[in-house]
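Only one chain is included here, represented as structure tokens and corresponding to the form predicted on its own.
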Amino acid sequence: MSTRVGFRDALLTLAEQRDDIVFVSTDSLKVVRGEPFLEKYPERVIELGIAEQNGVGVASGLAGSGLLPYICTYAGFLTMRAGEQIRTFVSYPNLKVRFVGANGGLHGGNREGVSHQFVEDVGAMRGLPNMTVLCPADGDQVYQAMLASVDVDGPVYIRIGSGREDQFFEPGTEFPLGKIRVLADNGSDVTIFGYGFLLARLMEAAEKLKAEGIGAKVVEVATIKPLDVEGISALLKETKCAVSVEDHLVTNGLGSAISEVISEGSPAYLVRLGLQDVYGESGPPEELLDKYGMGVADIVGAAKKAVEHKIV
């Protein structure tokens, strides 16, 4: 199941259970394979064309009227083109609108190019008061995150991909809303934090480190906000060093969030991997991740650097 289909199928499930679910489309039905939803619930689809700012305004009005609108389109068109509308008409009044951003990260670069490849979205949403930010790892986890977050008070942003993601978790695995998840525990030398479509790389890096006698914990942080500060702090206090890996700019993303935890009472040495104040380019996703410093070898090297500079 791709992340786009995971969103669509969860929306169908929720609509079967509740009569307040509405899909606001900004020419994005095809983006999320949404035709089955339109066929089954035509009265619950509001099509606005390529008008994301208007879409957020409509979603705000629907939420203010007691409905639960989901608006899904490309991540940057939501978080940047309609960023002011999200801030003023949804985040500020703390309304229950669900924003779903497709093509998060470098994965969209091989099909639609850099204009549809978004590496700023998590930071843009993380900075808004009241906003919950979720980054599921695969299609079924998107499905589970949709179900887990349906009753969250206030706005929610869910990052999804290009539709070509590999399955990582067993289908039906519960989404840990608001909590970190330890995926591997090979020792207490270093903690490797990550989310989204990079988890398989983190696991492979941990195995390579283990073969070299370095014990790494691999930790998924799928809820970027509200951050599981307690869980992250406990791991940092144990390993005293860490690596963050994200298919996003290192500015104001996961690495920045962990840095804040470190500065507020959990001293540790942190190496941040991600896009280092640059934009991506068109190309196959796996090659792009390698080029921009998120390859398995890069993660292994970052872990060794972190261990070398460990706070003791």
Partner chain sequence: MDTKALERLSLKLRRDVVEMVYRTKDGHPSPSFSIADIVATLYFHVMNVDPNNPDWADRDRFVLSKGHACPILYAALAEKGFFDYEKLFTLRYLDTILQGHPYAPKTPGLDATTGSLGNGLSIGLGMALAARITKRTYHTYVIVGDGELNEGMIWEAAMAASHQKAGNLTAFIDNNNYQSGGTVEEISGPYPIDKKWEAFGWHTISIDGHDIDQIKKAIAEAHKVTDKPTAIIAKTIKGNGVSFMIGENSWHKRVYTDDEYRQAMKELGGTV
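Residue numbers count along the first chain shown, from 1. Owing to the predicted nature of the structure, the values given are computational and were not obtained by experimental measurement.
There is another form of this protein, the form predicted together with its partner chain, and it is not shown here; the text below is about that form.
Exercise for the section: Determine which one of 261-269, 32-40, 55-63, 245-253 lies within 4.5 Å of its partner chain in the predicted bound form, judging by heavy atom distances; exactly one does. Expected result: The contacting stretch is 55-63.
Handout entry: Contact residue in the predicted bound form, chosen from S149, N110, Q85, T132 - any heavy atom within 4.5 Å of its partner chain
Key = After the contact test, the surviving option is Q85.
Handout entry: Selected contact from F77, F193, Y143, F89, since only one has a non-hydrogen atom within 4.5 angstroms of its partner chain in the predicted bound form
Key = Residue within 4.5 Å of the partner: F89.
Problem - its partner chain in the predicted bound form reached by all of V22, A51 and L67, non-hydrogen atom within 4.5 Å - result: Spot residues vs its partner chain: full contact, yes.
Practice task
Indicate whether its partner chain has at least one heavy atom within 4.5 Å of a heavy atom of P171 in the predicted bound form.
Solution key: Contact with its partner chain, no.
Handout entry: Residue contact check: E47 to its partner chain in the predicted bound form, 4.5 Å heavy atom
Key = Flag for E47 set to yes.
Problem - Exercise: P93 in contact with its partner chain in the predicted bound form, heavy atom 4.5 Å - result: Yes, P93 is a contact residue.
Exercise for the section: Could you run down 278-312 and flag each residue that has a heavy atom within 4.5 Å of its partner chain in the predicted bound form? Expected result: Contacts from 278-312: none.
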